[in-house]
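Presented below, as structure tokens, is a lone chain in the form predicted alone.
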């Protein structure tokens, strides 16, 4: 095969570093993997986009540096004993995707895909992941969730909500809850709100309850492809058997796994149901006149774009339209928004292994939010809410953080927010 001949098509999770050879060698070292896209920059203070490079200030933490690492491994220029720090370089990354989005604008290169493939290489070679990630992977294998929680407790959040068990009673729409909210009682409000809103709008809603298993997103991001493939196969088989026509989930990690990642797994069947992020579904219900807000919520808020919902899946406008449909809401924007949003710091396994880094990244986002004059940050991601919420508590800051559904419930039922 020559350079100019077409390469065989491969799904993402089949690819090795060799498949990115041209991309790796073609990196122009232009530094746009580190910087807010120039056209959108409003101030020097918020002109950067890569949390890891911003914090540590050496190139191996940036997308460009990971291209160097990949090239060196491809060409045999070093082995793991030469650079034991390589594991930290690759895993101190939130997989936010800002590097890849900006790089594709200029050169159509894929530094995030290269980093995730590097992680898979390290896992295969027994070098990665971080020790904290090993515990997470062990929990997923033993308990079907990352939090070492018994399967029997997965549906506790729903014990006061009349929602169908889809294994016993068919439903047109399946509510995929995800692990974080299901097992963290401080996050139950998100699942409870979502179910209440959907049921109130007349949606024929069911759930898997204790039978639901991890979508596999954290496992995929960490680089354990074999375990992810097993989870993808199990989920596709189980979800297809329900006969549901639609799947709704509020977790961006779950949404990306179901709507994008599973299609990139080799030798698994197609997921038959259409997959929606809850904000997309809410926006549709509002357009159809099935969801209305009668009570004003007089708050000045700013929207935080979750990375796996925004840059990874292109959902930017729907949640903003939902907020704008609520009377009394004054939506003000931060400098870095949509595809140039600053990550909360919690994704890609960063919060699990590098909590201090994750919290510093969240604090920077809080500072940016405060400059808008907003009273609260609104988002739609359990990890963003956890990580930003923890940073707010540590800072003893009066700013609040809400899930999108918290505001919606207030506007529908006058619950305290």
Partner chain sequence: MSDTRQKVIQKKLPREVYSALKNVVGEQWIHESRSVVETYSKLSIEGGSFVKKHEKDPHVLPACVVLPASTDDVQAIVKICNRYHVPFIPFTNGQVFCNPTTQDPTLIIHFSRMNRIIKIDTQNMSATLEPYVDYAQLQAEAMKRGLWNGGTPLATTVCKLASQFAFAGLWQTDLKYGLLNRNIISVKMVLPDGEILSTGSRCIPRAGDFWEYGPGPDLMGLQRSGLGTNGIVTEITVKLHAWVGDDALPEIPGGRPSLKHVHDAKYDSPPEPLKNHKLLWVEFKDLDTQLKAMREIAHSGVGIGLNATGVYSAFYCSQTQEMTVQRCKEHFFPDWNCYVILANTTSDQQIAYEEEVIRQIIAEVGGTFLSETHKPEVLKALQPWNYDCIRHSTGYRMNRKFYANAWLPVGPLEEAKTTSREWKKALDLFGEIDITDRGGADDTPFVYALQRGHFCLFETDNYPDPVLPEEIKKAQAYGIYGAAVVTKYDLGPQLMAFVNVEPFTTMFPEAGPNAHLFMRKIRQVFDPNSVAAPGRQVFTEQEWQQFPAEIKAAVNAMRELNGMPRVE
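Everything numeric in this text was worked out from a predicted model, so none of it was measured. Numbering follows the first chain given and starts at 1.
This next part talks about the form predicted in complex with the partner chain, which is not shown.
Chemist: Which single stretch, out of 316-324, 163-171, 125-133, 286-294, brings residue heavy atoms within 4.5 Å of the partner chain in the model of the complex?
Modeler: Looking at the partner contacts, the answer comes out as 316-324.
Chemist: Even though the partner chain is not shown here, does residue 75 get within 4.5 Å of it in the model of the complex, heavy atoms only?
Modeler: Answer yes; at least one heavy atom of residue 75 falls within 4.5 Å of the partner chain in the model of the complex.
Chemist: My question is simply whether residue 100 lines the interface with the partner chain in the model of the complex - judged by any non-hydrogen atom within 4.5 Å.
Modeler: Heavy-atom contact with the partner chain at 4.5 Å: present for residue 100.
Chemist: According to a 4.5 angstroms non-hydrogen atom cut-off, is residue 12 in contact with the partner chain in the model of the complex?
Modeler: Contact check for residue 12: no, nothing within 4.5 Å of the partner chain in the model of the complex.
Chemist: Please tell me whether any heavy atom belonging to residue 27 falls inside 4.5 Å of a heavy atom of the partner chain, as the geometry stands in the model of the complex.
Modeler: Residue-level check for residue 27: yes, a contact with the partner chain.
Chemist: If the cut-off is 4.5 angstroms on heavy atoms, which of these, 386, 359, 35, 352, is the one near the partner chain in the model of the complex?
Modeler: Checking each option against the partner chain in the model of the complex, the one that comes within 4.5 Å is 35.
Chemist: Only one of 304, 221, 277, 311 gets a heavy atom within 4.5 Å of the partner chain in the model of the complex. Which one?
Modeler: None of the others qualify; the residue that does is 311.
Chemist: Is it the case in the model of the complex that 81, 89 and 335 each bring at least one heavy atom within 4.5 Å of the partner chain?
Modeler: Checking in the model of the complex: 81, 89 and 335 are all within 4.5 Å of the partner chain.
Chemist: Counting only heavy atoms, which residues in 38-56 are within 4.5 Å of the partner chain in the model of the complex?
Modeler: 38, 39, 40, 41, 42, 43, 44, 45, 47, 48, 53, 55, 56 sit within 4.5 Å of the partner.
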